[in-house]
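First comes one chain, alone, set out as structure tokens in the form predicted alone.
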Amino acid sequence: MAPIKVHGSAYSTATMRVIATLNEKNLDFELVPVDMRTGEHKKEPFISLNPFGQVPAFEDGDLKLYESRAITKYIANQYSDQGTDLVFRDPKEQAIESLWTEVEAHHFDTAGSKLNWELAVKPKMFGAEGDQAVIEENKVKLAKVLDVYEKRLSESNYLGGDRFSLADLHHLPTAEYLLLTSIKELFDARPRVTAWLADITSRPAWTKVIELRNQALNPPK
């Protein structure tokens, strides 16, 4: 069988989301580096894998996918009998898990990604100051999301239910970067959110993702 291929960048949040899922499933894969700094993701051959020009793209045999959350759902279901069970099977439990994956995509990540851009990417990669108006607006939005999470986590150990699932995993990349910024104070102010993040970021599968990212950011000379 052809190896699973992930075309992307080891420090891209969307690529990290897919790699974390593969690690949880103990699956071998090939990371095909895409140099986003030189715009490789906007031209051939990558654009034939994802016409929107965004990483990652994914291949499993003759199946080709893009959009990280769609890829993680495929991996979790296709390889359901391997590694960590990342999805619920009962329809009601499945609906609750799906609800929280939607919350992550439409509420947590929309605010979190903008904050990461303004607080981390702009200063570190472009030497530019973040837009304070954008930062304040999205800080308020994220705080409201985390208030909802704090309440949810008083009812359940994880967002999707009684065990770790995609609903939690999808948060990892954006949260990882946010914790390196001043936004960490929003997490620290909410004890249940803090405990949940400490739990999910300490998973061995995620530790491997961070090791791979660090190697990409700091290659040996």
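Treat the numbers as computed from the prediction; the structure is a model and nothing was measured. Numbering starts at 1 and runs along the sequence shown.
The same protein has a further form, the form predicted together with a further copy of the same chain, not shown here; the description that follows concerns it.
Contact check at 4.5 Å (heavy atoms) against a further copy of the same chain in the model of the complex: all three of R69, A95 and E102 pass. Heavy atoms of N77 reach within 4.5 Å of a further copy of the same chain in the model of the complex, making it an interface residue.
Among residues of the shown chain, K64 is one whose heavy atoms approach a further copy of the same chain to within 4.5 Å in the model of the complex.
Remark: P51 counts among the residues lining a further copy of the same chain in the model of the complex, judged by a heavy atom distance of 4.5 Å or less. Taking the partner from the other structure, a further copy of the same chain in the model of the complex has no heavy atom within 4.5 Å of any heavy atom of K124. The stretch from 56-64, 159-167, 24-32, 189-197 that comes within 4.5 Å of a further copy of the same chain in the model of the complex, counting heavy atoms only, is 56-64. With contact defined as any non-hydrogen atom lying within 4.5 angstroms of a further copy of the same chain in the model of the complex, the contacting residues in 105-143 are A105, H106, H107, given in sequence order.
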